[in-house]
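Read the single chain below, which is given as structure tokens and is the form predicted alone.
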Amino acid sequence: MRISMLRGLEYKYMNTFMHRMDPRAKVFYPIVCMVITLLTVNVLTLTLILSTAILLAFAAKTLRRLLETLRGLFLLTMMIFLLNLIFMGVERCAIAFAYAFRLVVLGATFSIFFMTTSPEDMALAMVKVGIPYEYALAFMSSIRFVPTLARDLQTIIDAQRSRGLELDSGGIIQRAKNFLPILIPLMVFEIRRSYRIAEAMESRAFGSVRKRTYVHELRLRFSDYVFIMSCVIGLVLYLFARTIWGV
């Protein structure tokens, strides 16, 4: 599993309809796709869902980062396919492939949401639906720092390789030991960062005021309702097709 798969959690603002959409409407797409993906093993259906994700990524100008995410998932997808093939048998190769393909589809659809939604809007949307702000902030922070964590990890890997560390040499146990000089500095660095964040929050009197105000308010527009209805209609059509044709 490559670090590039974490690019699917990195938000960059662009002036597209996907970026402008309300997160409460946008989240319907990955949820509906997840429900359909977990209900089917039909490769054609999964390919159709993946195609919609690629089209949305193209419209949102995030297609390159989506492809990088899927490329990062390739190794994990192949591992899932081989494990399913071993336990299910070669005669059920198509089913094993469908199970592995599910990971690609889920990764693509959820990446669309995270790449086009700012962590601040996610937190505000969670507050709007009744989730306490503390939990929304924790979720927002975890999403925000995943790309930062990936960059820190890559920096440490490059630094250790420049010192002669060989990550790809030896057997499985030896390769696991080779990653210790990477994981330990990463853990220390991130713990220090968490302390700095906590101190910054305390210096700004976080939690002293229960009623919060926001720079901007989220409002569902007509286009948001159209997008929600499109997702719901797509789910209903799939359930109907599943009942009739068993797809």
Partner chain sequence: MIKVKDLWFRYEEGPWVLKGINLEIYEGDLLAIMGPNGAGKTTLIKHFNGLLKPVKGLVEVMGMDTRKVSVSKLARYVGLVFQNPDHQIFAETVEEEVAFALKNFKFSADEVKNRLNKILKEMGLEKYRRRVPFNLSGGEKRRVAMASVLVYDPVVVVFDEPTLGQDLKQKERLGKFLWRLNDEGKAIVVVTHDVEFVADYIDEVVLLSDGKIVARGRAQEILTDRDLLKKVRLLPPQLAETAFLLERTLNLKLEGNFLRIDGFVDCLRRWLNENIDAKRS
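If you're wondering where the values come from, they're calculated on a predicted model, not measured in any experiment. For the two forms, the rigid core is made up of the largest set of C-alpha atoms that agree within 1.5 Å on superposition. Numbering follows the first chain given and starts at 1.
One more form of this protein exists, namely the form predicted in complex with its partner chain; it is left out here, but the text below deals with it.
Shown here without its partner, the chain carries 64, 161 and 164, all of which come within 4.5 Å of its partner chain in the predicted complex through at least one heavy atom. Taking non-hydrogen atoms only, residue 192 approaches its partner chain to within 4.5 angstroms in the predicted complex.
Its partner chain in the predicted complex is not approached by residue 209, whose heavy atoms all lie more than 4.5 angstroms from it. Mapping the unseen interface onto this chain, residue 152 counts among the residues with a heavy atom inside 4.5 Å of its partner chain in the predicted complex. Proximity of residue 184 to its partner chain in the predicted complex: non-hydrogen atoms within 4.5 Å are present.
Put simply, of 82, 127, 103, 156 only one has a heavy atom within 4.5 Å of its partner chain in the predicted complex, and it is 156.
A single residue from the set 215, 205, 188, 44 has any heavy atom within 4.5 angstroms of its partner chain in the predicted complex; that residue is 188. Of the candidate stretches 95-103, 164-172, 82-90, 108-116, only 164-172 has residues with heavy atoms within 4.5 Å of its partner chain in the predicted complex. Along 125-141, a non-hydrogen atom within 4.5 Å of its partner chain in the predicted complex is carried by no residue at all. Core-superposed comparison between this form and the one not shown: CA of residue 167 displaced by 2 Å or more. Once the cores line up, the CA of residue 221 ends up less than 2 angstroms apart between this form and the one not shown.
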